[in-house]
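Take a look at this single chain in structure tokens; it is the form predicted on its own.
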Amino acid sequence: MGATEELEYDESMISLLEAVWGEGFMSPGGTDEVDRVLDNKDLSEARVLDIGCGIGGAAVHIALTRQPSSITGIDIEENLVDRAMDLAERNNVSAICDFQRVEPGPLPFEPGSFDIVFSKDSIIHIVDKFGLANDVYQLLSPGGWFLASDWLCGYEGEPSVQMQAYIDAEGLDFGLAAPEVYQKAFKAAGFVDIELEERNTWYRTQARVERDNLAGPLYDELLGQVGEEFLIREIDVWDKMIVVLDSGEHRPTLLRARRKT
């Protein structure tokens, strides 16, 4: 994305997402869900890459709690990277956190540069899951883990009318894929110990809480920050999302896979 192109995540969107999901977070679950993605994997002294680091919440949490040697966060929007750097500074982890703006496409790192590649609900923006899996595999050291969460879909082919309405309402460049696509992409790249943990049941409940907070306790707080039109539109997005969560077409999922030793 060029510097002159319209931002997908502008100040209004960031303000709303942080109000719903917590400081530094642009996707559900906060630090608890980051820990669930990481599971019991040992990150001590690990070199970590965070793909789609957003405004830095996950990277900073990892730096504070998992003792990695370094975390490199990358994103395609400069405003997000700037916010991530500020969050790291305020939490005194700048010494091990580095955030970089990158262009879409192959990642600018040498093979084997990382022991852990992490991503929190960001690779939905990458359409080519096979290319993604190959890139991540090459970036990992032998035995390294890809630990991620993403928005998957419960269908192959065309979405339903309800799902398309939700996608259109989001207005983001979603590259949704079914679990089977990720399984095939990971296997084709050479990954082993592949795990997909579905989070649809959890998020069906959580999304309703979020929607009710937006329409209730958070409404007046956000009104002055983002305006009524924007706020009403986002509540409508949540309403449409709940429909396709209930139908199973929208399937938040945790993804884990290991490079062979």
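For every residue, the number given is its place in the sequence shown, counted from 1. All of these numbers come straight from a predicted model, not from anything done at the bench.
What comes next is about the form predicted in complex with a small molecule, which does not appear here.
Each of F25, E77 and L80 is positioned with at least one heavy atom within 4.5 Å of the small molecule in the model of the complex. Interface residue among P104, P111, P142, G190 relative to the small molecule in the model of the complex, by the heavy atom within 4.5 Å criterion: P104. The contact residue chosen from V181, I96, I126, M85 relative to the small molecule in the model of the complex is I126, the criterion being a non-hydrogen atom within 4.5 angstroms. Picking from 215-223, 51-59, 231-239, 193-201 the stretch near the small molecule in the model of the complex, with a 4.5 Å limit on heavy atoms, gives 51-59. Not displayed here, the small molecule is kept clear of T72 by more than 4.5 Å at the level of heavy atoms in the model of the complex. Looking at D135, you'd find every heavy atom of it more than 4.5 angstroms from the small molecule in the model of the complex. The closest non-hydrogen atom of D121 lies within 4.5 Å of the small molecule in the model of the complex.
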